[in-house]
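Single chain ahead, written as structure tokens, the form predicted on its own.
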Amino acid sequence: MNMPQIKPITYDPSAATIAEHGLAADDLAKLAPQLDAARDEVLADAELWDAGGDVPAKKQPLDAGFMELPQRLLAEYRARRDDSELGRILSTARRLRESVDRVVVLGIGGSYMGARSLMEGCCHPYHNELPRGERGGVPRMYFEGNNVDNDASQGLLDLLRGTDDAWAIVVISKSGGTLETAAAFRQFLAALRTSVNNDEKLIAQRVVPVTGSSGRLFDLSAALGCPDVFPVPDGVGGRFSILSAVGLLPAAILGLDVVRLLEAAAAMNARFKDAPVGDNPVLDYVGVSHLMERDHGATMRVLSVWAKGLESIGLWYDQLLAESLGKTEQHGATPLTVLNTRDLHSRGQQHQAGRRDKLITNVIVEAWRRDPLSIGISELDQDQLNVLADKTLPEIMTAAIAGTNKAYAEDGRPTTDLRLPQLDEASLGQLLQMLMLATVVEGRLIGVNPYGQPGVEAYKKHMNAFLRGE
């Protein structure tokens, strides 16, 4: 059966072309040679990594394996089906869907943020509250191991201990040495052991690790005898791992179309490689962001999402941008995700009338999944809404977006629009790959290695030293 064509996401920076505080009409075209050079470097990085060549010291680390990952997984799946990595992911996801009603995903940073983004972007907004039939027969899903909040962890353990539902753990950590996730795994594994009456075979089946080819979690997986263990691919850093088993396994457990997700990411790769500046969402997004920071002091990147299902993707992107480019003391715009219309009533005042240090990127969903909900007629019209009774929430949202953009334009506040045809796997696959590509292109453009996270490693080192009294 042929899948529907993937409708492309679009990026429109025209509202950033404003007098005095924004871009001139030809600024992006003038930057095109530098953007093309950065693209060539990113493509060369991917080829170098794929070829297994020697990586120059100035390029270390080089985690460029994420770029061709969608094509590699799809090609392997089409050639080998059940024997491929994606085939095994789908098989394990099916096994868990059929055997448990709750899944706890343990991970921190990129090891859980991508999976949570996909769940909130594609599932029912109240997925975990629905009966199994209304969830399409897929499990509830919870996320822990991303903090050391005592009461939050105890609360989830209370929930699991208080139910007769079967449950499982997906634990994600490349090394297994990240304390937050490792501590949570020990705690939740003990609770799982109790829930299955110490049945070692059942414990092994109910724990699915996603980890490196060696390390503490890999060794622990072997000791447990877990039949299904998935790799965090070499050359794919944590925050770039959403389209590996790290994100695909939880998404598949939830019944999402992970093949479609990968196909959409591959489609974005093709646009990135072939389209010129002015018609290339990756290069155009990088160019506008860079010019606004360089020439107008826009060191705050506001991702203004206009759908609740996009908020976690914004938080995922916050980490991606901050950890990738926030280095050398000279670079790294500060990312900020806002959800509108909600945050117009908290941050909107500052964004319109505060410091002129912001570029606002609206992320807009053009078609909603559910039927439009109208305001409706009421005998009690003290709120004076009967005059708007036939207006729907999508119409109100459209008016809010237009009104906000107009208000910002009148005050000389640059905005851009990133439009998704709808909130589904096809749109999100494009968006996620676009933002990862844009991050590495901007790094090469400004001379910052977008891979690695030296600041985070220092925090881990000092935290462990304090705990051990060193």
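Numbers for residues come from their place in the sequence shown, where the first is 1. Note that the structure is a prediction, hence the values are computed from the model and not measured.
Not pictured, yet referred to below: the form predicted together with a small molecule.
**Student:** Even though the small molecule is not shown here, does Ser304 get within 4.5 Å of it in the predicted bound form, heavy atoms only?
**Tutor:** It does not: once the small molecule is placed as it appears in the predicted bound form, Ser304 has no heavy atom within 4.5 Å of it.
**Student:** Answer with yes or no whether Gly109 is in contact with the small molecule in the predicted bound form, where contact means some heavy atom within 4.5 Å.
**Tutor:** Output for Gly109 is yes: heavy atoms within 4.5 Å of the small molecule.
**Student:** Give a yes or no for Glu144: in the predicted bound form, does one of its heavy atoms lie within 4.5 Å of a heavy atom belonging to the small molecule?
**Tutor:** Glu144 lies outside the contact set for the small molecule.
**Student:** Decide whether Ser244 counts as a contact residue for the small molecule in the predicted bound form under a heavy atom distance cut-off of 4.5 Å.
**Tutor:** Taking the distances in the predicted bound form, the answer for Ser244 is no, it never comes within 4.5 Å of the small molecule.
**Student:** When you measure heavy atoms, are Ser175, Arg239 and Glu323 every one within 4.5 angstroms of the small molecule in the predicted bound form?
**Tutor:** Every residue of the spot touches the small molecule in the predicted bound form.
**Student:** Looking at 82-90, 331-339, 315-323, 201-209, which one sits within 4.5 Å of the small molecule in the predicted bound form if you count heavy atoms only?
**Tutor:** Selected range: 315-323.
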